[in-house]
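Take a look at this single chain in structure tokens; it is the form predicted alone.
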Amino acid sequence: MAGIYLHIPFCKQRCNYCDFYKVLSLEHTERFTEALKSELIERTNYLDSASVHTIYFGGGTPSVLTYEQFNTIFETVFQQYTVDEDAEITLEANPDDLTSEYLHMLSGLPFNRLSIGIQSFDDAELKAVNRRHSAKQAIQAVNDARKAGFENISIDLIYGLPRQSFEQWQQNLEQAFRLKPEHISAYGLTYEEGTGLWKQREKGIVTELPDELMLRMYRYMLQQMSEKGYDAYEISNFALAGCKSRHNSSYWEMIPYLGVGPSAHSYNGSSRQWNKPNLLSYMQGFEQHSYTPEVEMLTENDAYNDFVMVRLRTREGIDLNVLKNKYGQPYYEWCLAQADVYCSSGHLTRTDNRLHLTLDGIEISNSIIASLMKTD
């Protein structure tokens, strides 16, 4: 079992909170599609013939591609890989791209899941982070996607946006619930170095919301998600019954995946590989049959640290029996010793030989994960 992630780096506009690699021009989409096709063919062996159960088009903004470009990519994937009949196939999309005509086009392709980057239902908040859609377009996109036959829709939200009040966050959630998406991803805003928002903060144009308000927003969201039937299966991800993101869950379950496209990462259990974030060198490399990804072979510590990092973020937590069987007694004892102080402080619980974050623990999860990791 494995997954494929396809990084489509093109964006029409730069959101000022985003530090992902992107290209603000659609000039090379056709040339890029051919390079992506070449990479899919050349790296077939990376997954060691495992069947593909998830395919994810991420970005950038994949919804800038045409039917013909998507079709070329799908033909290559289905020719080169064994794709499960019930594979989850996701497209990330911006609301303003999802016109009725575009959605009708998508319904003729193998996509069976849409992930719509809404972020906010407040026009002032959208403008503050340089999103290119309106609240009205976001609502219309979800409704039109339903009409086009999509039955598995995820939406992204961000809390802690500049000058956002608690009441505005409440209204965002209320609007989200009215749309009844199958899945909601909701992230606290972070100011990544070098982004437009980070530069605005450095100049004093915007200020981060107080930690106390961010925590209040998060706790309120957890309460509301539970009341509305959304399972908090990961710190920032919530799903109705049977609608967890199978692709993202694969990351947290450490299932191998191939990442193609500039800046995409891959993992197969023994190594991590990644492409440099440079579209031109990516395309030229595959045109000249000279491109090779960067490679890092995983040490025992790397493998253990990956396990701790991804598993502790999930509702299931760290299965200590699995940890002992996979990584041995020394890692098992190290993890328990490091976790003891957090169990005593109420930030972790140990039940059925599993370590779980408590609500207080979620709020300092990065620190806890770092403490449980092992360095050389």
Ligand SMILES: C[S@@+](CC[C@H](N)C(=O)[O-])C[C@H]1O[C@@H](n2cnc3c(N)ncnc32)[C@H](O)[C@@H]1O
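Keep in mind the model is a prediction, meaning the values are calculated, not measured. Don't overthink the numbering: it's just position in the shown sequence, from 1.
Quick note: we don't show the form predicted together with the ligand, though the next part is all about it.
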Full three-residue contact with the ligand in the predicted bound form, heavy atom 4.5 Å, for C18, N94 and I158: yes
Looking at the partner-bound form in the predicted bound form, is P256 within 4.5 Å of the ligand by any heavy atom? no
Would L189 count as touching the ligand in the predicted bound form under a 4.5 Å heavy atom rule? yes
Answer for K244 alone: is it within 4.5 Å of the ligand in the predicted bound form, judged on heavy atom distances? no
Answer for T61 alone: is it within 4.5 Å of the ligand in the predicted bound form, judged on heavy atom distances? yes
Among the candidate stretches 274-282, 76-84, 111-119, 204-212, which one is within 4.5 Å of the ligand in the predicted bound form when only heavy atoms are counted? 111-119
Contact set, 203-234 vs the ligand in the predicted bound form - heavy atom within 4.5 angstroms: none
